[in-house]
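Before any questions on binding or motion, here is one chain by itself as structure tokens, the form predicted alone.
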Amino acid sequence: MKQRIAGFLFDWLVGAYLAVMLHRIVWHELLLGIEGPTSSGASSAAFIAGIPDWLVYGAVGLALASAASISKVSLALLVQGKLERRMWQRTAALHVASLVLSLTFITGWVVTKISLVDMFSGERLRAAGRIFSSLLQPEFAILPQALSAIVETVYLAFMATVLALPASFVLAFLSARNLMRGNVWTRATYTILRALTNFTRSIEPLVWAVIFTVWVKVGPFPGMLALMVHTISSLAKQYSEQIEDIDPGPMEAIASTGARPLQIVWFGVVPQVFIPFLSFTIYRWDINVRMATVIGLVGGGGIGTMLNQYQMLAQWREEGLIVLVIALVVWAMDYISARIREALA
């Protein structure tokens, strides 16, 4: 019953999504040439004038989901593998899926306002040529400042990773489903922590950097805090998923000796996840070095701040030198971390 309800909701969402694309993109943007939403928020169709668009989309989605449920031309059943190859419903569902994917591509093209004419016009190509020619002639006079800034960036990423480790380690065990099945309190803890880490991870480090820049002023400290918050939630997720994939045998063997829960975790779980944890941590430091360069664009310190300053002044030769330094350091970090991970595998 639950699977059937979930399938109906899936078809409803797909139907509503299809209605949005047909109305907003095909009808409004492509046929009528109207960009963006209507000013009143009501539907532009005459026979449903005054009705909010979202209500129309929901009704259309409900109608399509009902039709799919009756005819079994259902994308949910197709995804669940319940439509056999020889069934006409499967063929029809594949055509519907193709329509949805095609309209999604068209929607993406329209929403992102892709214009090959603008991109390859003579004026645009000349402007791009000027920028790239400057970038390929780096100004080495600012090399000492760039090296100092990139060192700050690497340490910013390092401190964010190291300071995030204790919290990530603890949260990982509290966010692992196989360890938190005991009672209602452990399950509630698991649910709350999962939701919290998912929320903090969904907010990009750039946004966290803006928040912390307002809180503790401009500099490397808010950048480090932004990376630390994002690293805690990301590592906690990776760690907890690794814990959920462990072999339960050692835990059961240790539990049979009368060991306490903490002892079971320490001797039955930690030895199995230590090497993967270490590999994840090194990889995360590598990611944080890359992120730290972007965080500097909003005042989070490091070479990103320097990059932003020269970009605002349109000094592209200086930009070229900074980009070169970033590329070399990121390449070196990637090479070193890859070799370390290979050694640990």
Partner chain sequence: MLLDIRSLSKTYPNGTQALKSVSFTVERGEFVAVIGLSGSGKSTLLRCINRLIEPTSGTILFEGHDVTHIKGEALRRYRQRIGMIFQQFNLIGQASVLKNVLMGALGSVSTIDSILGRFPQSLHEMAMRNLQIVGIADKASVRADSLSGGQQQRVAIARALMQEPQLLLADEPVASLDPATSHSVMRYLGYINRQLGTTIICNLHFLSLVREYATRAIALRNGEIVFDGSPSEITEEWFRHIYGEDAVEVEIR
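Positions refer to the first chain, counted from 1. Since the model is a prediction, treat every value here as computed from it, not as a measurement.
Although not depicted, the form predicted together with the partner chain is the subject of the following passage.
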- Item | Complete contact of 118, 120 and 129 with the partner chain in the predicted bound form (any heavy atom, 4.5 Å) | no
- Note on the structure: Among 154-162, 266-274, 68-76, 171-179, the stretch whose residues bring a heavy atom within 4.5 Å of the partner chain in the predicted bound form is 266-274
- Item | Contact residue in the predicted bound form, from 92, 142, 255, 99 (heavy atom within 4.5 Å of the partner chain) | 255
- Message: Is residue 113 part of the interface with the partner chain in the predicted bound form - any heavy atom within 4.5 Å?
- Response: no
- Message: Does any part of residue 86 reach within 4.5 Å of the partner chain in the predicted bound form? Heavy atoms only, please.
- Response: no
- Task: Examine residue 260 and determine whether its closest non-hydrogen atom to the partner chain in the predicted bound form is within 4.5 angstroms.
- Result: yes
- Query: Does any heavy atom of residue 250 come within 4.5 Å of a heavy atom of the partner chain in the predicted bound form?
  - Reply: yes
